[in-house]
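The form predicted alone is given below as one chain in structure tokens.
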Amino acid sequence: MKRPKTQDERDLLLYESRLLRPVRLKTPEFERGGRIRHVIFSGQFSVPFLEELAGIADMIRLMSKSREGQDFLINLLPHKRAMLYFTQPSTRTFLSFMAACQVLGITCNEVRDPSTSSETKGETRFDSIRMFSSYFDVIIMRSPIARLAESCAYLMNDLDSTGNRSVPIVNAGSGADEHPTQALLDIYTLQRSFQFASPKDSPTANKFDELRERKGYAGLTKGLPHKTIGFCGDIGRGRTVRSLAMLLALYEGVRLVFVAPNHPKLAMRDDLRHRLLDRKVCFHEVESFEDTLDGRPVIEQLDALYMTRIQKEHNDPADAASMASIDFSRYGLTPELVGRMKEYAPILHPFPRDQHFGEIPPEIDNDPRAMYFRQARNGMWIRAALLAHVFDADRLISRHFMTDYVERHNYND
């Protein structure tokens, strides 16, 4: 760590030795009984867990379509209380978690402005977290301070080891580190997209077979393995990019393409580069959609595209000057570019999008490949599934679903 300059940084020194350990050594401390208890970074997730969680999210989604299913879900966890401790501006993540809690009957309270809390009187964030744990059963936190969520998880574990009250910590975005639950909803959106399912499907005619046999995608397979996924925009400062890239790295044969300006703040950071190299993931760094991959422009090779905005709010005066000569129009989509993409390739965006930069212009919104609004709604379902897992209610959901929702008519017997 760098030499601490602020009180927040000095507080984190209490956990420095644990923070600096390899991910593999940390993850067991965030589990209990073989299940995830604290949700801190994407390195905690495995492919089987991602598939299991997607299955629970699908069950919740389907059950929510009926009044009986809604009643079952809302009566699962009415005895639980959640603190939404969001000291960094957020709309989608905050509302998504609140809606996820409401789906499961969890009562929510919030602190979104530290100036309204005792932190203005000198209370440390760790004291605030411990105080919240006295009243609530889970703390969902978003902070501009890197590694704060992880440190709070260690605080909770220390309390637990001494017989004091301890509750799960869920990282809803921590500084420039990671945004693991955003990565979950991104993966869930891709999982659903690559099922190639359509309401019009039948045993004799379905979307997947049509793509393979009539649309010229003979090598297309279902699922995430062996897909080429593109990321475009502010790669260096995008914590959502970092978290999602590491989850995609778990899947066999995945190839990642990062499209960004050749600028130290915007291009891929060394930490992500080294982690991908360590995992022997195939990835490419290019400066334009027109750069070639296997002899063809990148835009024509992608199975999915993850767009991001340029995060100008993080620029200092020197950054603004050094970026003045960059042609940022190369990092925005146009209808013409979308027209060259594969017919099935979903377009994702973590939001908010920048109306001034225009990385995705509104005229693309009605394209069937534009998944970003569905992606946002998917966040509610996958976060509900995650909270159900944390509170060990996912098994009840699965049991109820298998009992009441799997019956089908079979008139061919």
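What you see is a predicted model, and the numbers here were worked out from it, not measured in a lab. From 1 onward, residues are counted along the sequence shown.
FYI, the form predicted in complex with a small molecule isn't displayed, but the following is about it.
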| item | value |
| --- | --- |
| Contact stretch among 267-275, 309-317, 287-295, 157-165 - heavy atom within 4.5 Å of the small molecule in the predicted complex | 309-317 |
| Contact of Pro350 with the small molecule in the predicted complex (heavy atom, 4.5 Å) | yes |
| Arg147: touches the small molecule in the predicted complex, heavy atom cutoff 4.5 angstroms | no |
| Heavy atom of Thr93 within 4.5 Å of the small molecule in the predicted complex | yes |
| Ser143, heavy atom within 4.5 angstroms of the small molecule in the predicted complex | no |
| Partner-contacting position among Ser128, Gln301, Gln191, Thr240 - heavy atom within 4.5 Å of the small molecule in the predicted complex | Thr240 |
